[in-house]
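Here we start with a single chain on its own, the form predicted on its own, put down as structure tokens.
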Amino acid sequence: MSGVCSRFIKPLIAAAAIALLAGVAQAQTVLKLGHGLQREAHYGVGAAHIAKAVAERMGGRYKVEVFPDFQLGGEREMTEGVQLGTIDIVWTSSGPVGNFVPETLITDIPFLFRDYQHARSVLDGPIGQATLDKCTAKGIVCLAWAENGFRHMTNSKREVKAPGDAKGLKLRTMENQVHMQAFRTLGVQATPMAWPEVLPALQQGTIDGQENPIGVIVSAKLYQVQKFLTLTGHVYSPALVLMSPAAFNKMSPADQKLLREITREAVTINRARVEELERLGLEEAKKNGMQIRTLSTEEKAEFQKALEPAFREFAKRFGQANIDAIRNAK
């Protein structure tokens, strides 16, 4: 190659390489993933796995940016964002999802699940998948059931060991009709409130208490404003990983399949963190002065008996056969 040719060709090759790299960079799609907890919390570790695995296994076609701590809005707003296509992926509690996909609310019936193994088996099986499939018609892609944990009651007024002790307490609940109906049946003043508003409301005495899994209670340091923790385990609270159809439908079938696989892996990590946070959280709550009461089998039975009017209404709403299929699942 002559010197003259070299002077012309080398710059062309360099320019072509730069254009190629720019094209690759432009081809990468950035997906925004929002959730409402800290990075080290049980949603956070699952979201981090999705981001890492997508970066490592999807050939640079996609990048997931994680926005924790309600940076993209409250859970209802983020779920709406998924539906509208302004947010790509959301890891959320089931509470607000019921406003968009009512069929998911069956999982919020009190004392429906015996333990974690029972809940996970149901949600990972045909019953859980059939419920996820209902999301499509509502303009949401439900990638997987995840986990929040069994919910327990805290308050600043008194120890709760029987249904009568809860009567009259003003408790924050999720904006979830099943939860609110159950608590109202117990005589509780159920007060739906977005999670970011809860700590100020507890500090100001606007509400007496709230109910949540241990991991959430401790990560929010509610022991600073709540004296009594009752391990009611009244509801198993799943979470959901949702995706915007606008983003999901742009992916190839192979990438869609891989993203679902990665999300299932993230759920396994999420669930392990839930169990870890429960163990550590109870120790931290006790160390910080919370009075903790574990309900006996007999005491739990009293709560279930008090909830019978609500159970009859849930049977009408969801179908007794559907409830029994979950309760009796092995």
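Keep in mind the model is a prediction, meaning the values are calculated, not measured. When you see a residue number, it is the position in the sequence shown, counting from 1.
Absent from the display: the form predicted together with pantoate. The rest refers to it.
Student: Choose one stretch from 36 to 44, 57 to 65, 297 to 305, 261 to 269: the one whose residues place a heavy atom within 4.5 angstroms of pantoate in the predicted complex.
Tutor: One stretch meets the cut-off, namely 36 to 44.
Student: When the contact criterion is heavy atoms within 4.5 Å, does Trp195 count as touching pantoate in the predicted complex?
Tutor: Although pantoate is absent here, Trp195 would touch it in the predicted complex, with heavy atoms inside 4.5 Å.
Student: Quick check on Arg151: any heavy atom within 4.5 Å of pantoate in the predicted complex?
Tutor: The answer is yes: Arg151 has a heavy atom within 4.5 Å of pantoate.
Student: Would you check, heavy atoms only and a 4.5 Å threshold, whether Arg172 touches pantoate in the predicted complex?
Tutor: Yes - in the predicted complex, heavy atoms of Arg172 and pantoate come within 4.5 Å of each other.
Student: Is Val216 part of the interface with pantoate in the predicted complex - any heavy atom within 4.5 Å?
Tutor: Yes, Val216 is a contact residue.
Student: Can you pick out, from Asn212, Ser244, Thr104, Thr79, the residue that has a heavy atom within 4.5 Å of pantoate in the predicted complex?
Tutor: Exactly one listed residue reaches within 4.5 Å, namely Asn212.
Student: Using heavy atoms only and a 4.5 Å cut-off, determine which of Thr131, Thr232, Asn176, Ser93 is in contact with pantoate in the predicted complex.
Tutor: Going through each option in turn, the one that passes is Ser93.
Student: Going by heavy atoms, what in 45 to 75 lies within 4.5 angstroms of pantoate in the predicted complex?
Tutor: In sequence order, Phe70, Glu75 come within 4.5 Å of the partner.
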